[in-house]
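Same chain, two forms, each on its own as structure tokens: structure 1, then structure 2.
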Structure 1
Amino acid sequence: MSKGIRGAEGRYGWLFVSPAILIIGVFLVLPIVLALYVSLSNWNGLGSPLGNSDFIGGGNYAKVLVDTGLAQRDFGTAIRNNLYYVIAVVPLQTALALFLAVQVNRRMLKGRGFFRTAFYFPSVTSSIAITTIFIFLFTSSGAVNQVIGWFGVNGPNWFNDPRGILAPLTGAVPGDGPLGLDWAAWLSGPSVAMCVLIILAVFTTSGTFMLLFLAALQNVSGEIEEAASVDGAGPFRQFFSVTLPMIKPTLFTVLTLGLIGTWQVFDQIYLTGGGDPGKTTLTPAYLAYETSFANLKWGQGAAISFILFAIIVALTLLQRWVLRDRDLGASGVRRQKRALERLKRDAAAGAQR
């Protein structure tokens, strides 16, 4: 019986993709499986984890999530710090990137190439170099402290204040919160040092997301925008009712990349003292590194990494659910179709004129 003209395509297909599958399996899948085993063992980093460790099940996860102690408090502090970092950075960088993209997309703007390059330049500069410059700016003899010194602020002390910026308002909140911290600590807000890192993150990442928004804006048909103007829509109504819904996939991409990047922040924390002042800039990514490499608790460090992975996946799915296309119902679909047909008619009439 003949196999047909496509009979051998399956075998040749697997033959062609086998190098990629082999590389992904050896350098991605196997390390993840091994890291998962390490998170379930008491390996101390010496020798092979398969022969120099004991399987302890969920003990490492319980250490940071359930058992009362320093490990749980450090993990709770890292989650609290990173949560404030995410809440501040993701909306700010997204809004700033979208604003910059709209501005540099204007046809009447002169020197658009210069502004696009200028806004994007911080994103291609080494994060190590930019973080070092920020450290110099905020040292006791730095330019920022020199300026605020004119207003009577004690420069060397204000930056090293380990309290959150909302601590004066939440210091009297009673009760113990999750992960070994009380509610006053959870609600105290980011420290001054973390606020500086938030500004640094927004400054260095907005340029990259600006390019994504710019590419999406350039794919929006000018005829649709012109039709919306003919229908009497002002600039703000046109942007929020026409332009923004059309770039919704790009908005989801930017929010997802921003969410993942903010939960994985590490290099800025490493350069600014590993969580100083008073662990107010400690993050889960840095805590996993410190637990593994400094304290030689590789199982616990791997457990923190997998918990962080679960947090990122859960928040990404939540974000996808929030930004999903909701069912408009029959009447809503009819209204949307009529509006789209009206826009098309107006666009065609404008083209004929």
Structure 2
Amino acid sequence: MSKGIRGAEGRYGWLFVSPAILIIGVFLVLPIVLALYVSLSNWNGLGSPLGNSDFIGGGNYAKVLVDTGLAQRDFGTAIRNNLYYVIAVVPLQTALALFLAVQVNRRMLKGRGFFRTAFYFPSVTSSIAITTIFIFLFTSSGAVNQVIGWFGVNGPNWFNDPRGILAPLTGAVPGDGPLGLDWAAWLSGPSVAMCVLIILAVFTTSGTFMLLFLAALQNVSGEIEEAASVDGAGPFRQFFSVTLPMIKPTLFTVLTLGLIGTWQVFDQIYLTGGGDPGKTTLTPAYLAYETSFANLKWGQGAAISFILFAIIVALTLLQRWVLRDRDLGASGVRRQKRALERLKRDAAAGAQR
């Protein structure tokens, strides 16, 4: 190609990406820089932060992380709540999604389209609509309590119950833990109200992740599974020794997406009363919003946002590192390939027999 066309390509290249660069620069990069400044300032919300505030260094971060007081205790509570949320939701949604995907991927199963639709539909509705529905389902005389009532169980008043589900076991643990909370509070588990939000998250995300797993499963050729079953592997053995290792990359993707998503829970908290009952559903994302918009401590709210950002980045990197450690090295890949070849050969031989 001539130089003229290359030159035109360069001009058009920049022209085509310029709207994206402009919008991302102005509404993503610039805001982060401004908020970083606000988190280091004493801006009170009046006028523009530029010119109406003083630089105070890390004071806002210290108030949340180090200084004893309400701000630190609220932050500790929010971290505690969200930690339980993550610990419960990530394994549950991953396991359920994988289970659903394996089931609806069966050749023998009729009505697979129907089941896929049923499991995926909650994922497309808005968080507002689905949370509204859950509030209705989990009232004290609501649908859920009526159903468990058939089994003679007296259901709790879900959204108004601040009791930690592990508190009966850990309530007597003495001593003060980090971030201004005592160990009994750290170890009390998610509150009953938080458990509903955990169920809600599993309900709405399992469909999306089911689709991801389904895609991965469809890349696992039926031949290999058939070979394994010819070799005498039962369904469980076949799943854990053959299928699961082959969809490992997708499993990692789902775990990472789950981890990132669960630290960002905001809409549901907004709808269910901003941390009620007793701050047991407060999350860092909501606390940042409330600190800024309701209490007008803008620097502190921005600081919480950046701490949350750091937590998400750190945990994602940590998770990748942990999982990569267990991943196959080059020799492992070769070994797996050889094992596959062997299985395929055996399958061919089995078919001829």
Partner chain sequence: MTTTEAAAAVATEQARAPRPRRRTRTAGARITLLVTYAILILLAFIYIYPFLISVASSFKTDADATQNPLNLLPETWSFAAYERLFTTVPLLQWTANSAFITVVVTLCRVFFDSLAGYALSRLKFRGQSVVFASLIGVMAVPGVVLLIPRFLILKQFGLYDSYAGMIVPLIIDAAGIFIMKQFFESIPVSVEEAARIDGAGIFRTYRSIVLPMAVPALITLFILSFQGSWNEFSHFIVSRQSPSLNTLTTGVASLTSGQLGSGNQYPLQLAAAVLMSIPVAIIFFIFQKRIMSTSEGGEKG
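Rigid core (definition): largest C-alpha set, two forms, superposition within 1.5 Å. Here the structure is a predicted model, which means the values were calculated and not measured. Structure 1 provides the reference sequence; residues are numbered from 1 along it.
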Task: Structure identified as the form predicted in complex with the partner chain - done: 2
Task: Shift in Å of the I21 Cα between structures 1 and 2 [rigid core superposition] - done: 3.3
